[in-house]
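In the block that follows, a single chain appears as structure tokens, in the form predicted alone.
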């Protein structure tokens, strides 16, 4: 039987597809904009209306409606993500759900070996002439989970999902249940870049050299950095994800990946988030190689790129250089994600640098992000031994290899001016000398 006949034999409705879910199943939802939103909503409707129980939901960034986490749904669902966003933050912090911390590169093992997946809900592109569908914008943990023999794969074949190249394909024979749909791929709007972000972006860009290989996160700071890279040459990409600004720099000839010593000529990425412009750019583009996260984010793999520069954010940094990037005290805000993966990968890299960049204050200047001590209950996301550069709109602090006294001095120097006196008092108490 040819692949087209195989495909036709597996097509069903969403209503029938979700009947595969049973009480006690572990259901993994594809990451970020790979989430099949309508299918997930239909699953919630089926589980709740049929009084199923203990259906465990696992994922990282949720881009759908998060109906499984609404009040009252805990009778049916156990929500247990590894990263929080809008649909899941209140679920966890209210106690209706739980949270499992995990380095991003280890998530595939978590979802296949530690807590094996029963059902994967994902979106894929339409099949090519050989019957292969692309996972499109979400390879990360989605492909490794789909390849696990224990997992039943329920996929929405969606013509709006781009065909992104790399180790990012599944044959229709390996999909257990096929649903056809045409929901738009969720988009993430372009972040607003203000004067503070521009100042930080310019400072970070000063630490980037021609030929460097970049990892960029998402949001206004990474986007601001990209706006200051027009004069650079032959930049490369080995990054957990990219957004629209990377496509712009490729089109300008700034990003070429020609200087990369590892995976030369390729942008190595594990997922995409942005606008339709980015998804159109990625579609069938041979410069992009989408790979699973246990490859892309593995620090040993990252470190094989010479001149690797990682750029990440933080919520708080204390005077020793300890970083919390995921919580506000006891309240989980996001997750570990790939920050530590790339900071450690950059440390393995010949000529590598790790940069933490963030505004010096929060809540309209009323709270300092550089603090004497992390807020009680806050986890240390990145240890003081891992931290390299810290950048705010007030300057650049180089911490790696520095004493505690030097670290504190440098961090106070890039804190917002209205908080420096209080930080200096703590410095004097701690080191018995004038700041």
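Keep in mind that this is a model prediction, so the values were computed, not measured. Residue numbers count along the first chain shown, from 1.
The form predicted together with a small molecule exists for this protein as well; it is not shown, and the discussion that follows is about that form.
- Contact with the small molecule in the model of the complex, defined as a heavy atom within 4.5 Å, holds for exactly one of 337, 321, 292, 136, namely 337.
- This chain appears without its partner; in the model of the complex, the one residue of 325, 120, 268, 204 with a heavy atom within 4.5 Å of the small molecule is 325.
- At the 4.5 Å threshold, heavy atoms of residue 352 stay clear of the small molecule in the model of the complex, well away from it.
- The small molecule in the model of the complex is approached by residue 314, whose closest heavy atom lies within 4.5 angstroms of it.
- Looking at residue 218, you'd find a heavy atom of it within 4.5 angstroms of the small molecule in the model of the complex.
- With a 4.5 Å cutoff on heavy atoms, residue 75 does not count as touching the small molecule in the model of the complex; it lies far away.
- With the partner left out here, the small molecule still marks one of 258-266, 95-103, 305-313, 180-188 in the model of the complex; by a 4.5 Å heavy atom cut-off that stretch is 305-313.
- The candidate spot formed by 241, 333 and 362 is fully in contact with the small molecule in the model of the complex: every one of the three has a heavy atom within 4.5 Å.
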